[in-house]
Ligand SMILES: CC(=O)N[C@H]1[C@@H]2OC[C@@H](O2)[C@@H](O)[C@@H]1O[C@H](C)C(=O)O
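Encoded as structure tokens, the following chain is the form predicted alone, with no partner shown.
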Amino acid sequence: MNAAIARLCQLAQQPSRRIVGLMSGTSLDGLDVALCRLTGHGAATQLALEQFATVPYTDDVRRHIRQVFAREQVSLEYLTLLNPWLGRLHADMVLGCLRTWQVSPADVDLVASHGQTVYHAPAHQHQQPDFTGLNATLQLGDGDHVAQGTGIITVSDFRQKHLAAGGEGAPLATYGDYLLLSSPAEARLLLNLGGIANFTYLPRAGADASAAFSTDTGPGNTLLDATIRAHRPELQYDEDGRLALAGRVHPGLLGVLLDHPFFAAALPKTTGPELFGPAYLAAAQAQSGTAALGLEDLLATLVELSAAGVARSVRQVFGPGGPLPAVYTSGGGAHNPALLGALRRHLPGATFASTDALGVPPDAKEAILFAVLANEAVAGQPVALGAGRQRVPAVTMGKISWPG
């Protein structure tokens, strides 16, 4: 037997596995690195988060990614080069974290590498007649380069199996959320406020798992961050929502922004900065006569847009006046008081807490979830969730790269 396959069989039979989960989101803040101990698999999965860090991206790294990020036309040569370059960069960042934590790579069983999404193209969004009905997404940061650079077996490219089985490649949070965070005591809504906002609905543990699903709801931070960079290039984001809190919502602009058909589309659905980018905002400003709107008022309106998108999707599930499950927040937007305040206004009666209350630090949650997916790829079975309208394929996700 190939020695690498023998090693993988050994890992699958171990009672637990030490896995480094990696996540680089659309906000391009940096690489989230979570060192996890995962015991068991499936519904018996238990997680211990041993270490976590976000390794910030330099301005140069962000510049490289933005050359291809959410762009319809790019240099094919540049895109090709960026794939191994990011893989090597992420490998170096992993090794740097392990040195800081005084953990030897030999003591890590797997790396779970999400890579960097640079383009998301669900069929409802791309509308290409030659590819009718075909969903696609592209993540860079080749897994072979991560494995070779770290010396650790790497599981990567998780989204392609989801696509191949009929999904849209996102959100993938349903699987890890269900395995780690379902509770017999309550139904839960796990709200991730990243570049794109999304939530996972979890019925009470022991109830019908087919009710569990995830969906995007629209922009989270992506338009806020892009607007800040356009007006204040020295800033990456609106820290603590200060500028948004100083502004006033413009109803006319908000109405035009919310008139996009995405917000009325059936759940689940996915989207990305390809749709909710500067061109979408500029067109809405032109239509509403708000091209000269001040930065604070513009940010206040975009915060309201993000909150309204979440609320509309939530109410599609639970009805206009129905009781809501407990809401647990994660992602960069969970640190934005302006956005959290708007969500409370739009979802009155809902209880809000951070995923910290569930034992999962909100900034580490997505990196942890990919560690869970890698654990399932090696030791688990396909997870059957969201049958029927939820369209959550029962698949095992991830491709395996050997370090040698």
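Because the structure is a prediction, the values reported are computed rather than measured. Position 1 is the first residue in the sequence shown; the rest follow in order.
Note that the form predicted in complex with the ligand isn't included here; everything after this is about it.
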Can you pick the one in Leu140, Leu172, Leu98, Leu254 that has a heavy atom within 4.5 Å of the ligand in the model of the complex? Leu172
Would you point out which of 111-119, 145-153, 72-80, 289-297 contains residues with a non-hydrogen atom within 4.5 Å of the ligand in the model of the complex? 111-119
I'd like to check something about Asn198: if you look in the model of the complex, is any of its heavy atoms closer than or equal to 4.5 Å to a heavy atom of the ligand? yes
In the model of the complex, does Val392 come within 4.5 Å of the ligand, counting heavy atoms only? no
Within 4.5 Å, heavy atoms only: does Glu366 come near the ligand in the model of the complex? yes
Just to confirm, Val20 within 4.5 Å of the ligand in the model of the complex by heavy atoms? no
